[in-house]
Structures are given as C-alpha cells and as structure tokens.
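In the structure tokens that follow, a single protein chain appears in two forms: structure 1, then structure 2.
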Structure 1
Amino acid sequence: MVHEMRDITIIGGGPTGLFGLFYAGMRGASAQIVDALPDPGGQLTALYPEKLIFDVGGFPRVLAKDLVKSLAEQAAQFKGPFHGNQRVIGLEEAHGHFELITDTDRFPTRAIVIAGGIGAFAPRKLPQPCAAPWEGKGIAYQVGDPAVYTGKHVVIIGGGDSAFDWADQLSARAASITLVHRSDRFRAHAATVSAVQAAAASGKTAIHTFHELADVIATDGVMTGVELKEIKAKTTRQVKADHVLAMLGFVSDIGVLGGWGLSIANDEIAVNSEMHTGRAGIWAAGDITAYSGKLKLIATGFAEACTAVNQAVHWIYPAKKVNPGHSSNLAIFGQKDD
C-alpha cells in the first residue's frame, strides 16, 4: 500500500516520536509515525509499562503506560496517524521527496525525523526448543495486564531488573512466584533483589539459582507446570506454572537506519544543535542521537523532537519561522493570535 504524502514522517513512536507528532500538528504540518512495534510508546510500552517515572516535567510521578496515553492523546488533536507493525527497511529519494519502505507499505514524505531510540527491538527468546510451542499459550516475554496473573502460579525466568521487578510486583496478586536464573549473580537493582529475597525467606516466593527451563508440563493442552534442570547437578524438579514470564532482555537493531549516508557510531546518529543529521531533509531526535553532553532521557527527547520538527517545518515551508512562538498564544488552540 502506498500512503498519502505527508510533510513529516517520524520513524519511531516512542515518547520522542509521539511528542514530535504533536509538535508537527501544532506547526500546521501533516505528519505520521511509522513504528515496528504494534503499539505506541517505544521502550515505555515494551519494557516498563507498569513502572513509575519521576523525572518528567509536570508529573511528580507517572506510570509509563499513563505517560504514553497522555502523549498519544496530545498528538491525536491533529489526527496524524500511527502506523504500527511497520518496520522501516528502506529509503528512496526521487522527485524532491523521500519514500520510506516497509515490508508491505510505502510512505511518501517531504522530510523525515528519525526517533528510532535503541532501534527496532524484540525480546530475547528462550533457547530451549520446548518453549516455542507455548509462546502466547503460557509463555510470554512481556507483561501486558498484570491482572492476568491474579491467583495464578507464575514462573519468572531471568536475573535482571525486569525479572526482579515483576517478581516483586506480582507477588501480591499471584498464587505463587518462582524466580529461575542460570547463576547466582543478579543484575537487578539491589533494593529489588533484597525485597524478592525477603519474600523468598518468608516462603511467599521461591528462588532457584543455577536452574533453567527443561520442559513444559501440560494437561489437555493447558500448561500446568514446568520442569527445571539444575545446571551443575543435572537434577530436575517440577514446579506449578500457569504462566512463564521469560525476562531475558531485548535485542535491538538500528538496522537500515544506519545505512543512509548518516554519521553513525555505536548505533547512534550524530546530529548538530539543530538535530540535523547532515543529510538534507533528515533530522533525528531522542535516544538515537549523539552529541557532546547527550542525556538519554524522556525529557531530552521531548526537547529534541521540538527542535527537529521546527527545523523540518521551516525547511519544507521557508515562510514558516523556526521559532514556533508560545502555544499559550496560538490561534490553532483558540488563543488570541499567532
């Protein structure tokens, strides 16, 4: 499918891209987001939807998923579409405009803002062959709605922040939590490790170090447990499991974004103070950018999106100033003048 021409296409619908979509609309530019993931929010949706964030201006504390909802609502005022499940794999430039190419679609656009974060990312899968048939039928790599785990036996595999955060957060609602890790070295925040270890000491949670998944146990096609193997002794044990959460981290890949004649190092795109990449018509913002003093934070991404979009708008329509003016004074919001 070939989509209609837009002024600005933003690659990536994380917090940076969503704020950029809003900003483009505020400047009167037609815009859209193209993202490899099905839903908006980038890392916030995929990696930590239930975590509280404390360092976004105006929110003393906000759940990551609620921040995404607010950003999407703010952007929706201007009706720029979010195209999910569209991983950009190519770029063509002809007749004075670009076309971004995905597996199925083409997105003609006058300018591009790359807000690709750490790249298109996917969960690291369990290596055991027994796991694949149960993916989506008991084995999951992300937590969606925590309510699903209420009263259930949950086995969590992993030794990092996600594994420990969810072991801690789900313990109040689950029937049992069993944390399984291949070693006794954990990469999670010390306070969370202590909380989970305290739950284990009181019998609410079980921790099995030097263990890995050996098999899935099922009755009538429904998962009821898993068999765990002790890596050194090769002994096995069975534990109840309605759900297995494999929290093994993510693999990310900036893929083609690195091959468009941009200056890339360590999967980051070098930009100047205008967020320009050096290639006419292409700006970048958010975690994917590199410059001296760069901070990879949501707040930084917001400011960079604002700069990139305003520069792009001026480049497409030279009569429009780079400086957007104050939103509190814009006619587009029904305020007194432009």
Structure 2
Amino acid sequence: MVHEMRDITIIGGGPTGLFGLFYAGMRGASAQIVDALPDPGGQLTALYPEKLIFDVGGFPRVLAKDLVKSLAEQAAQFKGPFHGNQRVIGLEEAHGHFELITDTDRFPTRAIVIAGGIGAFAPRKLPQPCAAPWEGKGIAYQVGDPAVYTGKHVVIIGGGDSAFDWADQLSARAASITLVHRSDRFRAHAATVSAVQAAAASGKTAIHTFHELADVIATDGVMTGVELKEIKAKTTRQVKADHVLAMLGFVSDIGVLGGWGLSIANDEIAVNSEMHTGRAGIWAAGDITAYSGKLKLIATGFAEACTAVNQAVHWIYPAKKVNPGHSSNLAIFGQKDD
C-alpha cells in the first residue's frame, strides 16, 4: 500500500514520537508515525506500562500507560495517523521527497524525524538453560499487571533502575521480595537503591549480591522456588519464588538506519544543536540521539522533538519561521495569532 504524501514522517511512536506528532500538527504540518510495535508508547507500553514516572513536567507522578494515553490524546487533535506493525526496511529518495519503505507499505514524505528510542529492542534474556522452559510460566521480563504479584513470593534479578523500581513498588503488595544481582554495584538511581536497602534492613526485602540463578524449583509443574548460586564461594541457597522478574536491560539494534548516510556511533545518531542527522531532510530526537551533554530523559526527548519538528517545517516551508511563538497565542488553538 502506498500512503498519501505527508510533510513529516516520524519513525517511532514512543513519548518523543507522540509529542513530535502533536507538535507537527501545531505547526500546521501534515504528519504521521510509523512504528514496528502495534500500539503507541514504545518501551512505556511494551515493557513497563504500570511503572510510575516522576520526572515529567506537570505530573507529580504518572503511570507510564497513562502518560502514553495523554500524549496520544494530545496528538489526536490534529488527526495525524499512527501506523503500527510497520517495520522499516528501506528508504528511497526521488523527485524531491523521500519514500519510507516497510515490510508491507510505502510512505511518501517530505521530511523525516527519527524518534526510534533505542532502536528495535527486546529484553535481555536470562542466560541459564534452566530459565527458558519457565519463560511465561513463572519467569517474566516485564511487569504487566502488578496485581498478579499480590501475596506472592517474587524474585527480581538485576541491578538497574527497572529491578530496583519494581523491588520498591511491589514490596507493599508481594508476600516477599528477593533482589538478586551478580555484584554489589548497582546502576539504579541512588534514592531507589536506598529505599530498597532500607526495606532489606527492616526485613521486608532480601538482597543477595554476588548471586545468580542456578535452577528453578517446582512442584507438580508449578514454580515454588529458585536455587541461587554464590558466584565467589560457589555455594547455593534456595529461595521461595512464585514469580521471577528478570530485569537485565535490553538488546537493541538500529537496523537499516545504519545505512542511510547518518552520523552514527555506538548505535546512536550524532546530531547537532538543530537535531540534524547529517543528511538533508532527516532529523532525530529522543534516546537514539547523541551529543555532548545528552540526557536520556523523556523530558529531554520532548524538547528535542520540538527542535527537530520546527527545523523540518522551516526546511519544507522556508517562509515559515523556525520559532512558532507561544502556543497560548496561536490561531490554531483559537487564540490571537502573533
């Protein structure tokens, strides 16, 4: 299927892409999102919809799925379509415009904004052979409904933000929380680490450093515990477990973007202060970008999306200013136009 021509096509439907879709509409540009995932939200929807987020402006605390819902509603007022289940496999350029190619469709567009997060991603799997037979039957790599863990014994494997966030958030719900990590160095936010360590000191949570999964213990085909191996001493211990949450990060791949003539290093796109990628007509925003002082935050992605879209609009329509002014004065919202 060949879709209608759009001014801007945004690759990636996470928070940055959704806000970019809104912002393009605000600038009077026709826009659309193309995403390999079936639904908007990127990692927030696919990996941790029930995770609380605390550092987005205007929200003291917000569930990831609720933030996605609000962003989608904000963008929907300009009726820019979201095309899910569209894996980008190529890019052609002819007659003064691009044509983005997916497995099934073609998307003509005048400009492109790449908001692909960390690229195509998948949770990093547990390496132990004992884990694979229990995936989906006790071992999970993301949290869907936290209510599933009410009154259950939960073992969380990992030392990053996701592991500590869920150890903290599930502690009031679960019968027990056991955090397992291969070292005593954690990659999580210091405040969350302190909260989990305080819970461990009070006996509500157990932390086993220098340990890894050794085996799954089951009765009549139902997980009842895990065996943990101490890496240094090679000793083992058994821990009650109804569920194992493996929070080991992600495996990512920017795929075909690497062959588009962009400035790429370490699976990230190097951009300048205008979020330009080095190829005319293509900008980028969000976690996939790299520059000196870069902060990989949702809040940062929002600002980068504004910059990228404004530059793209000016490039397509040189008579339009790069800076549109304040939204409170824009005619598109029924206000007095500057």
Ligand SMILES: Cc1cc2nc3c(=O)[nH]c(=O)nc-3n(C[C@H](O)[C@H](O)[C@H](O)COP(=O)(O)OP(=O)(O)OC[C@H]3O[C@@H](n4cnc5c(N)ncnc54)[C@H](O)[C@@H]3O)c2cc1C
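It should be emphasised that the depicted structure is a prediction, and the values quoted were computed from it without experimental measurement. Structure 1's sequence is the ruler for residue numbers, which start at 1. Throughout, rigid core stands for the largest set of C-alpha atoms superposing within 1.5 Å between the two forms.
Visitor: The same chain appears twice here, once per structure, so which copy is the form predicted in complex with the ligand?
Guide: Of the two, structure 1 is the form predicted in complex with the ligand.
Visitor: Superposing on the rigid core, is the CA of Ala214 displaced by 2 Å or more between structures 1 and 2?
Guide: Superposed on the core, Ala214 moves its C-alpha 2 Å or more between structures 1 and 2.
Visitor: Following rigid core alignment, is the displacement of the Gln74 C-alpha between structures 1 and 2 equal to or greater than 2 angstroms?
Guide: Result for Gln74: no, shift under 2 Å.
Visitor: Taking the rigid core as reference, does Asp267 move its C-alpha 2 Å or further between structures 1 and 2?
Guide: The answer is no; the displacement is under 2 Å.
Visitor: Relative to the superposed core, what is the Cα shift for Asp165 between structures 1 and 2, in Å?
Guide: That residue's C-alpha sits 6.7 Å away in the other form.
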